[in-house]
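One chain comes next, on its own, written as structure tokens: the form predicted on its own.
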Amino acid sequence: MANYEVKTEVSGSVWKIVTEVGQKIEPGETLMIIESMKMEIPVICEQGGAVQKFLVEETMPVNEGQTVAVLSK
């Protein structure tokens, strides 16, 4: 089973995680929402798979390009 990392495209803080570990998601679905400059930016899964783990928690700061979750195909 191949794993891949999901990265955020913006800096900000994790506002809400909308998926759970073990949940299977489809390409284009939202994993979590980042708050950046008073805007809510979704972190979109480009490939489908099952959420293996999150590397961040709600309210944590994140940087652009940071890995926030690991999914398996």
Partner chain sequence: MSTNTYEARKAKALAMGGPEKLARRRQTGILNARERIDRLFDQGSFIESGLFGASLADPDKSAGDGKIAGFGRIDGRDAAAVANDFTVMGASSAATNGRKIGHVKRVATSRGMPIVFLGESSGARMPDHMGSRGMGALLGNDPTQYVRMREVPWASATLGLSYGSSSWYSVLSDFNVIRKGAVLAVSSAQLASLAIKENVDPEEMGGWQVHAEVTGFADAVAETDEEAIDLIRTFLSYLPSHYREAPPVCAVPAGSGGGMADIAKLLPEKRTQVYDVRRIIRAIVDTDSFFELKARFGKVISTGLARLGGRTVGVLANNPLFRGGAMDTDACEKAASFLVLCDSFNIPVVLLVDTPGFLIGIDAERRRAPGKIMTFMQALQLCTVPKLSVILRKTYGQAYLNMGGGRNSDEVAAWPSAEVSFMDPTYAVKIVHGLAPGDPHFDEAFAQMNKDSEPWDIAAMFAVQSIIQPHETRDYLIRMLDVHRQRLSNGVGQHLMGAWPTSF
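Residue numbers count along the first chain shown, from 1. Bear in mind that the values here come from a model prediction, so they are computed numbers and not experimental data.
Separately, the form predicted together with the partner chain exists; it is not shown, and the next lines address it.
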I'd like to know if V10 sits close to the partner chain in the predicted bound form, meaning any non-hydrogen atom pair within 4.5 angstroms. yes
Check whether E26 has any heavy atom within 4.5 Å of a heavy atom of the partner chain in the predicted bound form, and answer yes or no. no
Contact with the partner chain in the predicted bound form for E57, defined as at least one heavy atom pair within 4.5 Å: yes or no? no
P42, heavy atom within 4.5 angstroms of the partner chain in the predicted bound form: yes
